[in-house]
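Just the one chain here, laid out as structure tokens, in the form predicted on its own.
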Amino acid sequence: MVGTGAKKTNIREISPIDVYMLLPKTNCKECGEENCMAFATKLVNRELRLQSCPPLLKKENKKVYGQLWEMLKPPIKEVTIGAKDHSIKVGGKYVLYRHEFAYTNPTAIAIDVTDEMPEEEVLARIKRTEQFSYEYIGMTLKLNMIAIRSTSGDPYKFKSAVKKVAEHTRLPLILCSFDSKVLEAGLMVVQNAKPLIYAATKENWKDMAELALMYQCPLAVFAPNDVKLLRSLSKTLTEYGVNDLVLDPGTLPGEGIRDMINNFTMIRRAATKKGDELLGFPLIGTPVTAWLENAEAPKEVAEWNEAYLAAILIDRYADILILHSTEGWVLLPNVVLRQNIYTDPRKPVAVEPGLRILGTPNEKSPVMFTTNFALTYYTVASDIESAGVDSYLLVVDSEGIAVDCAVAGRKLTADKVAEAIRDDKMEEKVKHRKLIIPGKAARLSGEIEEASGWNVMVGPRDSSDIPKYLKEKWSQAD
């Protein structure tokens, strides 16, 4: 069990008063807040950082700054991988459940290459990793790292592979081998790149620790399905001086999935709920092991197994994943899942209100509106563009809530729609006075007409019907 021998101190919730008592209490407003109490509240909510308070940065306040840092630091240490200009941060989590507080530093996804792959295959995999990009509700979803695995066990081959990869990408690297001599050969090529070294075990921990200290790299610790050993290794390595660790409790396909889920969950629970600092490090999962489980299975089976392992691990607190497949159907669902989990549950995903011009509309073009809930906006805008009709789209501030919910909760009102029409000077842009409203806002049609003076046309309830609606209704209205 994770709790065996673990530090049992419960983490007390920090109140703004706790923080305020350590602040300078000058109410100088240099942080941008009205007073120190407001600043303390935002510190506790992680909306501001300690560095935002200039008086705290003075030499005489060094001790107080350290006290506040200890009070506010996350239970999961934040670890930086890669050189300064091309680095990625992992970990830094504060809570077990995302509804308690937003997760930070989305799971970094690495695609692997090996030192036995032909050069053209290595370069192709790097290119596919770097070029993977998907636009999702206003955000660009990408992959993050390259993992170089030594399958040959040959230091010379590994050194050559690392050199080849480093020459063709600036993405952060993971160097993978249980042989310290192999890893050192690779590290010599990328001395200043600060890759993640994977991995220390109970057999090789001292040699790996020496490498981590010599090259100032973070170090992964591997103890498959043995959390007690993993914690022991963490203790040994931190006492040895290696402070940037990443923990791997083992990715266990097939019948081992239950143990894998339990291990990842219990480690994160021990750190966030019990304050066990020896387990308070980022977690790494290796769905790539799905390809080793049954070497005779068809490629599609391995890809499917890897895809669902990755999804499980993203959901179960993994901060880094190493994958093999570069197929879109494997990667896309997981980067979307990652983005959904790492959004702030306290804030709706919203876009800026205002006028959007789709195509090259003129004075006879249709005028429509939607809310500023990001998913609604991007769906509606896409459906309008697919209609091939140049249009004006008013994005009305609904506090990031979808149309039907915003209408029901009075976050979307006739007055707000009328105000948007006036603010964006729509009467100067079109000669007609016709406004197409979402079908789910039909109940507001009379109120909108009265508030704005425009004639309302009730559009479809589902935006996928907009192309048909514009073709049949707008041409007639025109």
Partner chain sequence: MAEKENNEELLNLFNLLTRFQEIELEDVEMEIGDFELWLQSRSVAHTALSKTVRATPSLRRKPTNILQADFMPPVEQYPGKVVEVTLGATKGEGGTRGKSITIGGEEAPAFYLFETPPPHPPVISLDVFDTKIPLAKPVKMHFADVMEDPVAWAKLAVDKYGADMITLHLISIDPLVKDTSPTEAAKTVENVLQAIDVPIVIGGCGDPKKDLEVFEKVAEVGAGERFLLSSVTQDMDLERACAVAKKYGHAVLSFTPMDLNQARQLNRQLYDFLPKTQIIMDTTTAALGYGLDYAFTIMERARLAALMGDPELQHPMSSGTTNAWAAREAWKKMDPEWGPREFRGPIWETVTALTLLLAGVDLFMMMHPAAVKTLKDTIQRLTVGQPVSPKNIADWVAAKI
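Here the rigid core means the biggest group of C-alpha atoms that line up within 1.5 Å when the two forms are laid on top of each other. Residue numbers count along the first chain shown, from 1. Keep in mind the model is a prediction, meaning the values are calculated, not measured.
The form predicted in complex with the partner chain exists for this protein as well; it is not shown, and the discussion that follows is about that form.
Partner contacts here mean any heavy atom within 4.5 Å of the partner chain in the predicted complex, and among 184-192, 163-171, 80-88, 284-292 they occur only in 284-292. When contacts are defined as a non-hydrogen atom within 4.5 Å, none of N105, K159 and S398 contacts the partner chain in the predicted complex. In the predicted complex, at least one heavy atom of N262 sits within 4.5 Å of a heavy atom of the partner chain. At the 4.5 Å threshold, heavy atoms of R98 reach the partner chain in the predicted complex. The partner chain is not shown here, and in the predicted complex it never comes within 4.5 Å of any heavy atom of L196. Of the heavy atoms in E277, some are within 4.5 Å of the partner chain in the predicted complex. Of the candidates M139, V336, M71, I357, V336 is the one whose heavy atoms come within 4.5 Å of the partner chain in the predicted complex; the others do not. Think of it this way: in the predicted complex, the partner chain has a heavy atom of just one of V389, V407, A307, L123 within 4.5 Å, and the residue is A307. Annotation for 299-332: interface residues with the partner chain in the predicted complex are E300, V301, W304, N305, A307, Y308, A311, I312, D315, R316, Y317, I322, H324, G328, W329, L332 [heavy atom within 4.5 Å]. Annotation for Y317: C-alpha shift under 2 angstroms between this form and the one not shown, rigid core superposed. Once you line up the core between this form and the one not shown, the Cα of T376 ends up 2 Å or more from where it was. After superposition on the rigid core, the Cα atom of L358 is displaced by 2 Å or more between this form and the one not shown.
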